[in-house]
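Presented below, as C-alpha cells, is a lone chain in the form predicted on its own.
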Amino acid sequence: MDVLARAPETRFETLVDELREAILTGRYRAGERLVQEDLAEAFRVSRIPLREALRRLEGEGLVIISPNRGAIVRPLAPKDIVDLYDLRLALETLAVRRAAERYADVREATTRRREEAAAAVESGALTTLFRLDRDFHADLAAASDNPHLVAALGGQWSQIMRIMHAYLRVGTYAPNVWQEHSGLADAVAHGDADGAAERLRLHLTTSRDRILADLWDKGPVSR
C-alpha cells in the first residue's frame, strides 16, 4: 500500500490517541456524556471514524456505549482500583519471574528513564512521568518473552494510566518510585526470581494503597 492509502489509517489512530488522552487526563470526566456532534466538531472528523474510535475505547474499558444514553466516559470506583491492581500483581509477578529466569537486563533503560523521570518531576510533566512508569513495566513484561502475557497486560494500560492521572500528582508521586524500579531491575538481571517478585509486590501494593488513601481523602470519582 502507498502512503496515501495508509493515510486514513494514520488519521484514525491519531483520533483514537487524542480521544484516549482527553479521557486519561480528565478533559472528559467520569460519567460525562460524549456527544458525537460535539466530538466531531472538536476533533474535525466525520461521524463514521468517530464511532469506530469510541468502539475502540469501549474495548479498552474507557467508554460505555448504550442504545439509550449513547457514549459516556466509564465511571471509576474504588473496586476498579483494587481489581486492576490485583490483575497487575498477578500478571507482572509472572512476568518478572520469567524475566529473571532469563537473566533479562533492563538496567540501562531503567537508568535512562530514571533520569528522565527526575526531570519530569522537576518540570511537572505528569504525562511524561506516567509514560515512563508504564514503559518500565512494559519492558519487564517484554523481557518475559511471553507475547500472550505482554498482550494481556498491555490491554490494561489505558485503565491503569487513567487511575494514575485521576489520583496522582507530582506532589504525591513518591520520590523513591524509581529507586524501587532500579532494585527490581537489578533483581531480575541477577536471576533472583523470588526477590524480584517480592520487590514487585511491595512496589505495586504501596502504589495501590497510596491511590486508595488519596481517593478516600477527596471522595471517590464514582461509586
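Just count from 1 along the sequence shown to find any residue number. Bear in mind the structure is a predicted one, so any value in this text is a computation, not a measurement.
Another form exists, predicted in complex with another copy of the chain; not displayed. Remarks below refer to it.
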| request: Consider the chain as shown here, without its partner, and state which of Ala152, Ile72, Ala109, Ala138 has a heavy atom within 4.5 Å of another copy of the chain in the predicted bound form. | output: Ala152
| Can you pick the one in Arg27, Arg51, His165, His190 that has a heavy atom within 4.5 Å of another copy of the chain in the predicted bound form? | Arg51
| said: Which is the contacting stretch out of 176-184, 27-35, 193-201, 55-63, given heavy atoms within 4.5 Å of another copy of the chain in the predicted bound form? | reply: 55-63
| query | Taking the shortest heavy atom distance, is Pro147 within 4.5 Å of another copy of the chain in the predicted bound form? | reply | yes
| said: Within 4.5 Å, heavy atoms only: does Glu13 come near another copy of the chain in the predicted bound form? | reply: yes
| in the predicted bound form, does Ala90 have a heavy atom within 4.5 Å of another copy of the chain? | yes
| query | Just to confirm, Leu94 within 4.5 Å of another copy of the chain in the predicted bound form by heavy atoms? | reply | yes
| Those residues of 111-140 which, in the predicted bound form, come within 4.5 Å of another copy of the chain by heavy atom | none
